[in-house]
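As structure tokens, one chain now follows by itself in the form predicted alone.
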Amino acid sequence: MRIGYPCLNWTLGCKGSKTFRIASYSDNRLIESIENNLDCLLKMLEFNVRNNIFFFRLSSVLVPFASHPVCKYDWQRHFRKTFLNIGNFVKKNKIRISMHPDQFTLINSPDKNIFNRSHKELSYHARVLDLMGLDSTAKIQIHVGGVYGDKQKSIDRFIYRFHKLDNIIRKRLVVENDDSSYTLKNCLSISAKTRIPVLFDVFHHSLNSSGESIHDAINVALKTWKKKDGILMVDYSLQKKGARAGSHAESINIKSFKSFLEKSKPYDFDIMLEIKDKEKSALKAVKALRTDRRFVKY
């Protein structure tokens, strides 16, 4: 079991998601942003290793506008050695890596133009992980997408479109239950026809489920993960007090987290904390997990 957090580290004095407005695009600005982002990424990974945090979600804007027609620069060739060095650090320290494209990445959209743009965006994410030399346990997670007036047709469209994706994408893609439209049960039905692993989101399940307990949900989700996929990935968060339903908590509640860990026994999985204060909550979670036999300590 590894603990992780997504994309940013508030403790360090750098930001690994530097970007710019598309109207001011230039090759020099692109190179400068990528250099900054990759340098900060390595610093975040080094911080994580020092603190027993071995799961991390990369920012989708490591390479700004990578899937946009405006970007014609061969950033893959320019930064090949840098990506490989970071990948070597990841492998040496047995860090689990994931990525999560934004909500506009919709492979089940009825609009073929949206699907084509989503395909390009997923291809960019897969190339980043390939450049790092990471195996197929490094995953790209997406939601099923929109309902578009007919849920079953939208599920069928997802399945059809999944098979249209390049293999470099398919081998890394996982699907996640969401907080309003697609339950864990829906994702499992997709997995049965595509063999795509199902990432279990605990918070979304609390808002939108088919009645499964945490224990039973984890049990069925982990069965969709094969050896080549690594162990099950789980997203964990809680409701932010006083905010609209679905808003993620600012900081981890250790009592609730420990309760979740008890309910999840004896299953092993990697936990991504989708909590606003990021590494601060991850550090608290690591401390809470020190007596759990499932927890990775290198």
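Values in this document were obtained by computation on a predicted structure and should not be read as measured data. All residue numbers refer to positions in the sequence shown, first residue = 1.
Separately, the form predicted in complex with the DNA exists; it is not shown, and the next lines address it.
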If contact means a heavy atom within 4.5 Å, which one of 100-108, 158-166, 73-81, 127-135 is the stretch that engages the DNA in the predicted bound form? 100-108
Give a yes or no for R170: in the predicted bound form, does one of its heavy atoms lie within 4.5 Å of a heavy atom belonging to the DNA? no
I'd like to know whether H68 contacts the DNA in the predicted bound form, with contact meaning heavy atoms within 4.5 angstroms. yes
So in the predicted bound form, is the DNA close enough to S60 to count as touching (4.5 Å, heavy atoms)? yes
Is K15 close to the DNA in the predicted bound form, meaning a heavy atom pair under 4.5 Å apart or at it? yes
Any chance K43, K120 and S251 all have a heavy atom within 4.5 Å of the DNA in the predicted bound form? no
Let me know the one among V220, I114, I214, I196 whose heavy atoms come within 4.5 Å of the DNA in the predicted bound form, would you? I114
Identify which of N85, S209, S181, S189 has a heavy atom within 4.5 Å of the DNA in the predicted bound form; exactly one of them does. S181
Within 1-38, which residues have a heavy atom closer than or equal to 4.5 Å from the DNA in the predicted bound form? P6, C7, L8, W10, K15, K18, T19, F20, R21, I22, A23, S24, R29
